[in-house]
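A lone chain, given as structure tokens: the form predicted alone.
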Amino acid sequence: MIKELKASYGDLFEAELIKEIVQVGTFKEVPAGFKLMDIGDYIRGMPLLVLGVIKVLREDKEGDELLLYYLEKGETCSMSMTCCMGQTKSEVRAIAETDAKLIMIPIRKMEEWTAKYKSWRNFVFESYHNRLNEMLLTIDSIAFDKMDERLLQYLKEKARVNNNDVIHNTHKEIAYELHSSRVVISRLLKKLENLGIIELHRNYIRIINI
């Protein structure tokens, strides 16, 4: 665990902080599809992602989901930090996009490290900044981009974070994450196939020209 932690955070944190993280953190290893946090949950610790990818989603009143952003190794969820510090319920859902390894940091250490370590303060502020920018991009996409443009960007980002040009999500799952309907997504995917951008198969989508 120490080796993996240093590989992901060694350039961000002081050696002394790395030691404290190892001492007080709880190591977790979860498979793809595992629900790490759900809407309405109280957050008992802040996750530091050591390996893998986690997707963070929002849900509307009808239960439809919208993908907000992905978390990758060396990152954390600023919404988790806010819930931890304020002891409030989560307003987002976090699901492992791939097999993932993470370290859960106790709430009591977050404020202590903010005062003790400059690198931790910088990490927390930068995390807030990055997640805010990603959510603004999501809002801009919904407000200004056509659905075919959003779908194309979704496929590109999905392929990037998984490092794989094969996407195993169903049309219905993609529709949920883009807050659209399966019929619309299926029609647009067929359009992308006709343009030679993707190949549609029974259980997967292959990206061939993005």
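Heads up: residue numbers just count along the shown sequence, starting at 1. Keep in mind that what you see is a predicted model, and the values were worked out from it rather than measured.
Here the subject shifts to the form predicted together with the DNA, a form of this protein not shown in this document.
Q: Among the candidate stretches 55-63, 30-38, 151-159, 169-177, which one is within 4.5 Å of the DNA in the predicted bound form when only heavy atoms are counted?
A: Going through the listed ranges, the match is 169-177.
Q: Do His201 and the DNA come within 4.5 Å of each other in the predicted bound form, heavy atoms counted?
A: It does: once the DNA is placed as it appears in the predicted bound form, His201 has a heavy atom within 4.5 Å of it.
Q: Is Leu67 close to the DNA in the predicted bound form, meaning a heavy atom pair under 4.5 Å apart or at it?
A: Flag for Leu67 set to no.
Q: Can you tell me whether Lys19 touches the DNA? I mean in the predicted bound form, with a 4.5 angstroms heavy atom cut-off.
A: Close contact is absent here: in the predicted bound form, Lys19 is far from the DNA, nothing within 4.5 Å, heavy atoms only.
Q: Examine Met147 and determine whether its closest non-hydrogen atom to the DNA in the predicted bound form is within 4.5 angstroms.
A: Within the cut-off, so yes.
Q: In the predicted bound form, which residues of 177-194 put a heavy atom within 4.5 Å of the DNA?
A: Contacts from 177-194: His179, Ser180, Ser181, Arg182, Val183, Val184, Ser186, Arg187, Lys190.
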